[in-house]
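Below sits a lone chain in structure tokens, taken as the form predicted on its own.
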Amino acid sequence: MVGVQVIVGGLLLGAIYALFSSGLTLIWGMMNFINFAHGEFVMLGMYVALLVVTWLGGGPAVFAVAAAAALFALGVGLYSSLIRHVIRGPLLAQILSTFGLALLLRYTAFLVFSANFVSLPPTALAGTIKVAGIFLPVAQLVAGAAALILTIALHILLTRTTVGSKLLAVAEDRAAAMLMGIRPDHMQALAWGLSAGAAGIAGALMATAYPWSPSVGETFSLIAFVVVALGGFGSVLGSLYAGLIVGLIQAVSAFWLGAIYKDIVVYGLFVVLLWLRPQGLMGRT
């Protein structure tokens, strides 16, 4: 039964990985743009949750919505003020701009919140429940289930709605999209808002179950890149599958080998899979 509990816990964590990684794959697939600050978006979502709980006394529903809204606005603002200017420049300018942005966000968080690890005060999600003989923290269960639903919702938005069609049209051919009356800058700003918003709400959900510090964004960035490359660039559904796989591998390897080896196992299997299938699970050759 312990093994089943480890597997379920890994899948719930993997669902959160999938949610914030889906935002990265949206930008990567739509603009062919690498955002090295994506992990910092997750970190900021965690601190938004902390501020809402400590200052306003808001519950999980309130701080999750607040984190999504705040990071959506940040994503749109960053695209309008920075990204749309460097996206037409050389690749090195794109890389350095988001790498510098990641450092700016990280060390601003160090300045404002200090380097100490923090965690959310007890919320309505505190406690543990027993499901089919498996003991699970309520916060982890709710966070994983919500992340899974939101990732599927983002996939449906991109593949079954008019807005998604416009986003994909800009991704396929910017000039042709303009001829059809679509404004690429508006769509790309929306994509950045959705990407950052997904990362923000994933951070708020993760904050209910795990402690963190400003440096956690670097770890999340690495995980997001692994999930996106593993799932296939530009595929939200691929990120969902890959996120669940990564979370499961981490949980099982931590249980059997020890927590210090879980990342070694993940990155090792990641390299092997990309050697065998460079396009990822659902990417096109």
Partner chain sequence: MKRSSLLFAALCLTAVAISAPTARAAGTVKIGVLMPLTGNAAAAGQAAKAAIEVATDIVNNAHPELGNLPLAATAGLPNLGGAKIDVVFVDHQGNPSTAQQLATQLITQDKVNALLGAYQSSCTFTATPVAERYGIPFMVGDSAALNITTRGFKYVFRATPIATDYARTYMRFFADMKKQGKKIDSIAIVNENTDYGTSVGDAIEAEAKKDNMPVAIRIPYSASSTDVSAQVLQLKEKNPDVVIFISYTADSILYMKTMKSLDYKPQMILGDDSGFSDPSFIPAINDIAQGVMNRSAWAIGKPGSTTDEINQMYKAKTGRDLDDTSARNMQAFFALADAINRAGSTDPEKIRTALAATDLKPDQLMMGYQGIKYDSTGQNILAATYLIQLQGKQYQLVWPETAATAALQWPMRGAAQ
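Model, not experiment: these values are computed from the prediction. Numbering follows the first chain given and starts at 1.
Not on display, but discussed next: the form predicted in complex with the partner chain.
The shortest heavy atom separation between Asn116 and the partner chain in the predicted bound form is within 4.5 Å. In the predicted bound form, at least one heavy atom of Ala209 sits within 4.5 Å of the partner chain. In the predicted bound form, Thr159 stays away from the partner chain, with no heavy atom inside 4.5 Å. The shortest heavy atom separation between Ala254 and the partner chain in the predicted bound form is within 4.5 Å. In short, of 104-112, 186-194, 151-159, 169-177 it is 104-112 that has heavy atoms within 4.5 Å of the partner chain in the predicted bound form. Proximity to the partner chain in the predicted bound form, defined as a heavy atom within 4.5 Å, singles out one entry of Tyr47, Phe33, Phe36, Tyr241, which is Phe36. Annotation for 254-280: interface residues with the partner chain in the predicted bound form are Ala254, Phe255, Gly258, Ala259, Ile260, Lys262 [heavy atom within 4.5 Å].
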